[in-house]
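Presented as C-alpha cells, the chain that follows is alone, the form predicted on its own.
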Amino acid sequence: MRTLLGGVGESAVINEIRKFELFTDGRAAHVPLDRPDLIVERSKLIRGLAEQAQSHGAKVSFGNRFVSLESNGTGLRVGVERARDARTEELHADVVVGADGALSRVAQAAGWPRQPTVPLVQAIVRIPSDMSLDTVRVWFVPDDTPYFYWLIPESRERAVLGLIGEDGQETRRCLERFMDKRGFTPLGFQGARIPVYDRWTPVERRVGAGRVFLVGDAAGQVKVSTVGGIVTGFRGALGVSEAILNGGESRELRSLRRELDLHLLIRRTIHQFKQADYSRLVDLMNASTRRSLSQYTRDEAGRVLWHIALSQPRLLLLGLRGLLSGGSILPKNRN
C-alpha cells in the first residue's frame, strides 16, 4: 500500500504486524515478517484520498446516491439522488468508474452479472494478556469454515476477532461458539459481504458510446486466499486509469489478473482441507519455508509459491492432493 499510495496512506495505518501465529489441532507455527503487514482504518484512508484528489483539482460531491445509468447518444447519462432534498439530478460523462463495492449498483446498471459473495463477521474484543500488539493469530478450524479465524490487534486495548463463512447466520453462531470456548467477551459486532473471486471480471463495458469501468470489490478484485482487497483494489484502480488513458491497454490489469488467479489456485488447493491436512501443513513448515513466508508478502503469490516449492517439495504433494479432491469454492447460496 505504501508503494502505491505514498504518504497519503500513512495517516490511515493504525498498527503494523510483524509476526503471524498459526494454530490447528494443538499445533502451532510462528512466521515473522521482514516487511510488516499494515492494519488500515478504511474511513481515514477514504478521507485522505478525497482530500488528496481535491488538492489536485478533482471535484468531490458528497451526499449523493447512484440511481441509474444509460446512454445519452454521445456518452452516458447518470442519475443521482441528492440526500438533502431527495431530488434526482442528471449528470453526463464519457466515462463512469464504479467503485461502489461488492453489491455494485453501477455494475448491475451496466449489465455485469451479479458476483457471488460470502459473509464476513467479526467482533471487537480485548487483546489477550499474552498477545503482542504486533502479532496476528490465525486458527484453522475447517469444521466451522473453509477459511480461518483471525485475531488482529487494532490498539493496545482492542482487537478484531473474525471469520469468513458461507452462510451468514451459521457464521455468526460459529464466531460466538469460538469466543465462548476461548473466553472472549464481545464489545461489539461488525459484518459485511465480501466478493468471491472465481474468475477474472472484465473491467470495461460499453454502454452506447460511453465507457463504464469497475474497480476494487465491484470487480471482485479480492485475494480469495485471504479475502483481502485493499492492495488489489488499488492496483485495479491504477489499471483502470491506464486503460482510460491508453485506449483500453493496461499492463497493471494483466499483472493483477495473474496475481488473483494464483490466489485462486491457492484457495482451490486448500478449500477442502480437513483438520488433518492443516496439521500436516503446519508440520511441513520447515525453517526455509518460514523464511519464504517472511520475505515475500501476501501480494506476491507467485514468489511465495515458487520459493516454498523449492524449500519444501512435500508441500506440493499436499497441495496437489487438495487441488485434485477439491470442488467449487463458491458458496451454495450465491448472494
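These numbers were taken from a predicted model, which means no experiment stands behind them. From 1 onward, residues are counted along the sequence shown.
Beyond the structure shown, there is the form predicted in complex with a small molecule, which is absent from this document and is the topic of what follows.
Novice: Can you pick the stretch from 63 to 71, 26 to 34, 264 to 272, 280 to 288 whose heavy atoms fall within 4.5 Å of the small molecule in the predicted bound form?
Specialist: Every other range fails; the passing one is 63 to 71.
Novice: I'd like to check something about Thr171: if you look in the predicted bound form, is any of its heavy atoms closer than or equal to 4.5 Å to a heavy atom of the small molecule?
Specialist: No - in the predicted bound form, heavy atoms of Thr171 and the small molecule never come within 4.5 Å of each other.
Novice: At 4.5 Å between heavy atoms, is Thr117 in contact with the small molecule in the predicted bound form?
Specialist: Output for Thr117 is no: heavy atoms all beyond 4.5 Å of the small molecule.
Novice: Applying a 4.5 Å heavy atom distance criterion, does Arg105 contact the small molecule in the predicted bound form?
Specialist: The answer is yes: Arg105 has a heavy atom within 4.5 Å of the small molecule.
Novice: Does at least one non-hydrogen atom of Thr185 fall within 4.5 angstroms of the small molecule in the predicted bound form?
Specialist: Taking the distances in the predicted bound form, the answer for Thr185 is no, it never comes within 4.5 Å of the small molecule.
Novice: Here the chain is shown alone; which of Ala192, Leu91, Ile124, Ile244 has a heavy atom within 4.5 Å of the small molecule in the predicted bound form?
Specialist: Among Ala192, Leu91, Ile124, Ile244, a heavy atom within 4.5 Å of the small molecule in the predicted bound form occurs only for Ala192.
Novice: The small molecule isn't shown here, but in the predicted bound form which of Val207, Val96, Ile230, Leu253 has a heavy atom within 4.5 Å of it?
Specialist: If I apply the 4.5 Å criterion carefully, the residue I get is Ile230.
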